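The data below hold one chain only, encoded as structure tokens and taken in the form predicted on its own.
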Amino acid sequence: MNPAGAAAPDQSKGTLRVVQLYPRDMNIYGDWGNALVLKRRIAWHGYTPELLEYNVGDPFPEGVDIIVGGGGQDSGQLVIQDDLQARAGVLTDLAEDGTPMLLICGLYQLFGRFFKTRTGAVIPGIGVLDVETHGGDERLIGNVKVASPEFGEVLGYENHSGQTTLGSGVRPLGTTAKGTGNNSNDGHEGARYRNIVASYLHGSLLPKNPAIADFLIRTAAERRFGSFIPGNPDDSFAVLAREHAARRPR
């Protein structure tokens, strides 16, 4: 029996290819869950998901429809930085062409201009996002609510010491109703640029925020097939998770 809302294999509306960036080194807070949610929801919408990993030294996949990237410690960012720089051209081209991407925490930072650690070391980013990050002594930890003009109330959990500021080339994902977000000062969380959603929110993010998952899927389907035909996803667990998360204290 197929999961609720999923089409039978011979009724697939087409294949969508999801590539997770550096899951070996950038998956410290369960961000793998974002890729799993996309895989399940793609199937619920009647398409065939193909989930691939890209790690340091791998050949970069072709025909990418969605890119997902997670968070990692400073040491993980150091491991991937040379490979990420080597892939800057292809990733920039995909971003500028409108490929939907979800970038969490560490890869949010490294898709920016640079991350300067609290010891003064500078890890260059690839400059897709007009943001910069400075490591600080304060660690920003706890549950977060974000008011997003696109996605409604976004819920997640932050755990970072990086202080990220947005340049004029991006807009925030939303404003924090609870929690800190990008930095200790401006009340913004995350960044939006073209079809990129960048955020500090773990938890994982997508299980509690299906509207963001469906944005990525819809955008990918429209780019690949010219239109998106939605299915009937089972959001019952997402609704329960959101209700529970919304009640939790900071």
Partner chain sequence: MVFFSVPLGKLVRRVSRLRGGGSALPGLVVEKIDPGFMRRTLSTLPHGVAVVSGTNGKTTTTKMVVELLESQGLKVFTNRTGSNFTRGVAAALLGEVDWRGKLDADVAVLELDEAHAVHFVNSVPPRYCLLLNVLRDQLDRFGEIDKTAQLLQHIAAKTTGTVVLNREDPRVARIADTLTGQEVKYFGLDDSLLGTFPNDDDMRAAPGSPAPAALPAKPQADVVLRKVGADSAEFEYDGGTVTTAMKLRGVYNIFNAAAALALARSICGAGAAATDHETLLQALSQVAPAFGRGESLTVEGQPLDLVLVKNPSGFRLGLKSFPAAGYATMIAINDNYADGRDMSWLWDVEFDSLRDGGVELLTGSRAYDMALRLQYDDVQVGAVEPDIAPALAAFIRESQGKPKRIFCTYTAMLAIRRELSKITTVEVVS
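Every value quoted in this text rests on a predicted model; they were computed, and no experiment measured them. Positions refer to the first chain, counted from 1.
What comes next is about the form predicted together with its partner chain, which is not displayed.
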{"query": "In the model of the complex, the one of Trp32, Phe225, Phe215, Phe60 near its partner chain [non-hydrogen atom within 4.5 angstroms]", "finding": "Trp32"}
{"query": "Sole residue of Val37, Val197, Val68, Ala221 within 4.5 Å of its partner chain in the model of the complex, by heavy atom", "finding": "Val37"}
{"query": "is_contact(Val90, its partner chain) in the model of the complex, heavy atom dist at most 4.5 Å", "finding": "no"}
{"query": "Touches its partner chain in the model of the complex: His202 (any heavy atom, 4.5 Å)", "finding": "yes"}
{"query": "Close approach of Thr99 to its partner chain in the model of the complex, 4.5 Å, heavy atom", "finding": "no"}
{"query": "Partner contact for Thr117 in the model of the complex: its partner chain, 4.5 angstroms, heavy atom", "finding": "no"}
{"query": "Which of 106 to 114, 135 to 143, 119 to 127, 80 to 88 sits within 4.5 Å of its partner chain in the model of the complex, heavy atom basis", "finding": "135 to 143"}
{"query": "Heavy atom contacts to its partner chain in the model of the complex at 4.5 Å, residues of 155 to 186 in sequence order", "finding": "Tyr157, Asn159"}
